[in-house]
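First comes one chain, alone, set out as structure tokens in the form predicted alone.
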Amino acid sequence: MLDLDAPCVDLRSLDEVWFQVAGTLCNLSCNHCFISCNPGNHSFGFLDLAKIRPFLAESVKLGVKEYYFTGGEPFLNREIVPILEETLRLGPATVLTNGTVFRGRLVNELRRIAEGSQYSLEIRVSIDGPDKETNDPIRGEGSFEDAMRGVQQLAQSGFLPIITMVQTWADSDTLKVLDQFGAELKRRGCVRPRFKILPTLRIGMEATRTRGYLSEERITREMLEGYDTSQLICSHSRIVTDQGVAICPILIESPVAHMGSTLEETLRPFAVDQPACYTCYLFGSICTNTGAALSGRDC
């Protein structure tokens, strides 16, 4: 039951639906992962096409405009291509990936379904720095080169991948990081890189790597007065997991975030009193492709 004394956010419109298509299984063990995905984490399972189809049908009735696919690592799901192909008949889709599992045949299949749809297929690749010295201590040895090979394959196939980086450097170094990364991407054939810089979420593995949230890092009802709640993903999105529909991709491990077994059951306000909600309050739309954090820089 909703706590009426807690700070609450209404669902303004259901614009995006997310699918936790690979559950919590990932081929990497990033030490800042906010839901602790790794090769042995089966807390959440895969979603196959048969499971996703009813939610796609429901999403059309509810006026959903865009779809996101995350994990874990989405491309570990062997049905990801037919899932995307069916989704792209309904609207634009974005896949969040670590970029390390791409092979020529998979990239060719992605190109095929992208060219066969009137809607866009975006690929977001997580690489946490412009070189292996920055990225690999966080994402694992060799992950920078593996991910960059994936980005190179995407660029050669005509995609313009969005590079997402969790900021682990000082604000004053951001332009230097972007310029350095842009030059490296240009060298590998990605001539018009796009970047999305993400803040750290102090839950999951990140709480161990640095620290968890402090007691005062919470949203209060007063903080929402005059605040544009459309900046919060919970005001326009929901996420489908193999255990039901949750409020957002950040909070799937929180029992209170699971709101029902269908999208329609989740069309109600949510109490944004979870610690990670504080980061969304500060930074806005950190999960979707929109927002001030997304920038394109010509190299």
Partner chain sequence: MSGGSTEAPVALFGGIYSNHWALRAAITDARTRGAKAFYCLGDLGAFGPHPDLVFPILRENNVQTLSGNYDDSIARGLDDCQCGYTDPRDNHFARISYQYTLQKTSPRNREWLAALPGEIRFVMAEKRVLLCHGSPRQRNEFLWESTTPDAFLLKLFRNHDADVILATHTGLKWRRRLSGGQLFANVGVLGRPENDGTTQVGYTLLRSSDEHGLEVEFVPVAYDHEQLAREMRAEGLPAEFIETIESGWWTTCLEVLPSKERSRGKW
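Predicted, not measured: the structure shown is a model, and the values here were computed from it. Positions refer to the first chain, counted from 1.
Beyond what is shown, the protein has a form predicted together with its partner chain; the following relates to that form.
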At 4.5 angstroms, heavy atoms only, are V64, L90 and Q118 all close to its partner chain in the model of the complex?
yes
Contact stretch among 96-104, 120-128, 149-157, 218-226 - heavy atom within 4.5 Å of its partner chain in the model of the complex:
120-128
So, V256 and its partner chain: in the model of the complex, are they within 4.5 Å at any heavy atom pair?
no
Tell me, yes or no, whether V166 is in contact with its partner chain in the model of the complex, where a contact means a heavy atom of each within 4.5 Å.
no
How about L14: is it within 4.5 Å of its partner chain in the model of the complex, going by heavy atoms?
yes
Flag A170 as yes or no: does it have a non-hydrogen atom within 4.5 angstroms of any non-hydrogen atom of its partner chain in the model of the complex?
no
Given that its partner chain is left out here, which of A114, L198, L76, V177 has a heavy atom within 4.5 Å of it in the model of the complex?
A114
